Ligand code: HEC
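Just one chain follows, in the form predicted on its own, and it is written as structure tokens.
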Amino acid sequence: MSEAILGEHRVGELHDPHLAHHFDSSTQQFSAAKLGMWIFLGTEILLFSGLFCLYAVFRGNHPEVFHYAHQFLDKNWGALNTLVLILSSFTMALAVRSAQTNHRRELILFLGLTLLLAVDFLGIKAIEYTHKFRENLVWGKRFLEDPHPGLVGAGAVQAVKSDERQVSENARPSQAAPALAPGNKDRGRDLFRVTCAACHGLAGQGMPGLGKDMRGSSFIEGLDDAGLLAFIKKGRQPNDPLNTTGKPMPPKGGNPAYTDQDLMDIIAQVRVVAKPKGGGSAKVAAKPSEAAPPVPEEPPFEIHKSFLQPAAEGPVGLAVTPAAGHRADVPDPRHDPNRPANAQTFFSIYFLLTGLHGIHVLIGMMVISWLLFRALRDEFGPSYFTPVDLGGLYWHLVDVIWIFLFPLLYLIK
């Protein structure tokens, strides 16, 4: 009995401390761990695939938004970050090889270099993010806020100063304007949906905080088609005293490729939605005994693929406004007449993709730091290098995802 117990103790002493008891060998444990890692990486790919599909749908339907807005990204910083991550993949592969061949000093060196390159990547990303937030090149309503009032590009100051005069001119029926062909309200209905409905609603009822209610508008009724055309072509900036929403109405509704005839078609639809609920003039009050007929609700609709040509080129890289000493001839996107509608959609997708990737880089840095700590304690060698190998697989996935993000976001043109 004592010899049997002694034999069991000897077996325990010879047992590999890194080998779990439910595995027969280190090779079996390594294969199982690597299979589990590949399954986990598959779920990570699925996570990013949803965002890549989102990118593909929006870019396929609205190419002019991506063509314009991507030029506010600095491709030099993006290229440098790509080089940094490719180099970090190389040093991580060397770290795995050093662990397999029992070269402890090289393992520590290459893990340290990989960690340093990851810090460099996040540092460059912090520079880009700081610029984006300073210039309000972000998602949502903040994109529409001018970060540097009064410091807009060349020509924009004069446009802002002439807003009040232009509004007063538009408020009078045009006398010398050439005759315009009447708009097609059926075609204008489709154009209104993809251009104006986002702020003014399908039925012209207005969206809270975005656009005014067009129904029964005395402003629209007081303008003839030529005057309304001039107003739409000019737009209305937030600093206009008549702007009560605080949000800009971009020239041509944000679609610079629209022709005058396109805008006349939209005006024809505007005339339809701007009619008072009673169907008569906005200045004539309905009799108390006459109940206004209900406004029929429009059926659900789908915003179809954009048919516009790509918008004109915007500023390049980080040189956006003269506020930070950049070129004074570069207009701020809030005052740029060539800015397409909903340009902030690009930055929503940009921050979703790069932000999620940045979180993965941060997690990778934590993993590499943990591996470096264990390497300093001399825990890895030819018989046990599984954590280093699996950490390397995760880091390579992070690098590959960025290799896709760089051309998709920075090299659209």
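Position 1 is the first residue in the sequence shown; the rest follow in order. Remember, it's a predicted structure, so these values are computed and weren't measured experimentally. Here, rigid core means the biggest group of C-alpha atoms that superpose within 1.5 Å across both forms.
Beyond the structure shown, there is the form predicted in complex with heme C (HEC), which is absent from this document and is the topic of what follows.
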Legend entry - The single option of Arg97, Lys75, Lys132, Lys247 touching heme C (HEC) in the predicted complex, heavy atom within 4.5 Å: Lys247
Legend entry - Proximity to heme C (HEC) in the predicted complex, single hit among Ser217, Thr91, Asn136, Asn342 (heavy atom within 4.5 Å): Ser217
Legend entry - Answer range among 115-123, 197-205, 137-145, 78-86 for contact with heme C (HEC), defined in the predicted complex as heavy atoms within 4.5 Å: 197-205
Legend entry - Heavy atom of each of Ser348, Gly358 and Leu409 within 4.5 Å of heme C (HEC) in the predicted complex: no
Inset, instruction - Give a yes/no on whether Gly183 approaches heme C (HEC) to within 4.5 Å in the predicted complex, heavy atoms considered. - result: no
Inset, instruction - Classify Arg236 as contacting or not contacting heme C (HEC) in the predicted complex by the rule of any non-hydrogen atom within 4.5 angstroms, answering yes or no. - result: yes
Legend entry - Non-hydrogen atom contact Asn243 with heme C (HEC) in the predicted complex at 4.5 angstroms: yes
Inset, instruction - Verify the contact flag for Lys212: yes if a non-hydrogen atom of it lies within 4.5 Å of a non-hydrogen atom of heme C (HEC) in the predicted complex, no if not. - result: yes
Inset, instruction - Verify the C-alpha shift of Gly222 between this form and the one not shown: is it 2 Å or more after superposing the core? - result: yes
Legend entry - Per-residue C-alpha change between this form and the one not shown, Ala197, threshold 2 Å, rigid core fit: yes
Inset, instruction - Compare the position of the CA of Leu117 between this form and the one not shown after a rigid core fit and state whether the shift reaches 2 Å. - result: no
Legend entry - Closer or farther in the predicted complex: C-alpha pair Phe346, Lys252 (3 angstroms or more): farther
Legend entry - Sense of CA distance change between Cys199 and His67 in the predicted complex, threshold 3 Å: closer
